[in-house]
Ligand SMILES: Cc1ncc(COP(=O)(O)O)c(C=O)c1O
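A single chain, nothing else alongside it, follows as structure tokens in the form predicted alone.
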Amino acid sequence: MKNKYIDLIEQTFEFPQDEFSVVDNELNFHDVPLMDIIKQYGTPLKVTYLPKISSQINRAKRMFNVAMAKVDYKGSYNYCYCTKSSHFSFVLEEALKNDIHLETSSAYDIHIVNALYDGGLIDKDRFIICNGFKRPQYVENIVNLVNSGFVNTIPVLDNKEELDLFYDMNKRCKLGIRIAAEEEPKFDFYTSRLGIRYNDIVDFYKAKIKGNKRFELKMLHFFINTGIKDTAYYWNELNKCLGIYYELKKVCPELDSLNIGGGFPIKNTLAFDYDYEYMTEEIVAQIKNFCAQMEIAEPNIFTEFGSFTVGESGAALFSIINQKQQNDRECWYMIDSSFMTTLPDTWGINQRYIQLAVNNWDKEYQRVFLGGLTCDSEDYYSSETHANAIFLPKLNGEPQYIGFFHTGAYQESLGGFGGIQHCLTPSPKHIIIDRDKGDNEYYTRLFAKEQSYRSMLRILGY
């Protein structure tokens, strides 16, 4: 009878997979033995595997370039990284090795742009796409960026009133307009709060931008909250966006770029199935065909990939520190951290990640619930995508370690990295894994120690 943990995984999924393999009953992540990492650094532990960031960027670039070549697409492709997904310096440094551009969403993002320039990581020709609602400090920082010579800074107007805030430019400024897309039927509201309504855009351009020597409209920004998916809803919104692009292009010949924000999904289960190549080719082909029908030039395509860039580089490793049989059917494994603070998306939006045992793959398994350390009843993780349950090796006196994978986007910022955590649960250690260019051997470095009680007490005023 096949009742070992490895049997369960191999019978349920195609396994091993690109980033996961098992050697001597222990899990490897991108050919890095996780038990070696745990023995060196302990748990709880956050991990960032840097090479995956470059791999994702180059994958998207390759797909779009191939799709464009297939239909003889005349416009260019521009990959933008959404800094809000992870602002850490090591993420930006790795991403910028690959000739990409940046998308910002708040005033302090612009200080990061300046720091990257001061460090020689970007030049002033880089596209800086400035999204989000523009408060005075954000506007001031964007204006300073443009005035200092960042010639491809493009503030994307979120509402019609924002235009008046940008009159302090001493150089002509490129602009974008964000469309207020219609939301999916399951949303609580019909139209996004972000952007300008479809019906208002052309009239707004004619009244406020056309003929204004301060500004030049270059980009139409189209964003779908649920990301790029093969649904009637997505294709319908893309088609509506192209219709607006055509109407604008007739009165605004300098318009030459279409930003299809709303990124590719990332792998959140071992059963993940998404045809990236098909979606890329279909998007490019639809834009190409529309432009051919309307006899206009194909726009330069911009994408804004945040989670797709950095999400699959991340992992969180925990120890099982206790087992509690609370009734006949519910067995709890307690982890040495908190889901609410370390992986807040699991609590806030019921996000599911790939969850696997790190060791003891040759042991029998059982159904369990995972509990966090805080005294909050919501601090738990209870189901995996494949079976609406979690199965892990039975405890037999040996230490048991588990991992959550593809957690690299948003968790640190949502969890308040370095700040006050729920029940004063400390932020875990964070390490970075990279590879030598010569022999391709992996190496690690400590980015952040586990948060100390002194740092929390200082924040609290003690």
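Residue indices: 1-based, along the sequence shown. All of these numbers come straight from a predicted model, not from anything done at the bench.
Another form exists, predicted together with the ligand; not displayed. Remarks below refer to it.
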According to a 4.5 angstroms non-hydrogen atom cut-off, is F88 in contact with the ligand in the predicted bound form? no
Should F417 be classed as touching the ligand in the predicted bound form when contacts are defined as heavy atoms within 4.5 Å? no
Partner proximity in the predicted bound form: E103 to the ligand, non-hydrogen atom cutoff 4.5 Å: yes
Is there a non-hydrogen atom of N131 within 4.5 angstroms of a non-hydrogen atom of the ligand in the predicted bound form? yes
Candidate stretches 119-127, 373-381, 78-86, 241-249, one within 4.5 Å of the ligand in the predicted bound form by heavy atom: 78-86
If the cut-off is 4.5 angstroms on heavy atoms, which of these, F64, Y410, F404, Y41, is the one near the ligand in the predicted bound form? Y410
Which listed residue (Y333, F223, Y365, W347) meets the criterion of a heavy atom within 4.5 Å of the ligand in the predicted bound form? F223
Within 4.5 Å of the ligand in the predicted bound form, do G314, P428 and K449 each have at least one heavy atom? no
Taking the ligand in the predicted bound form, which residues along 418-457 bring a heavy atom to within 4.5 Å of it? none
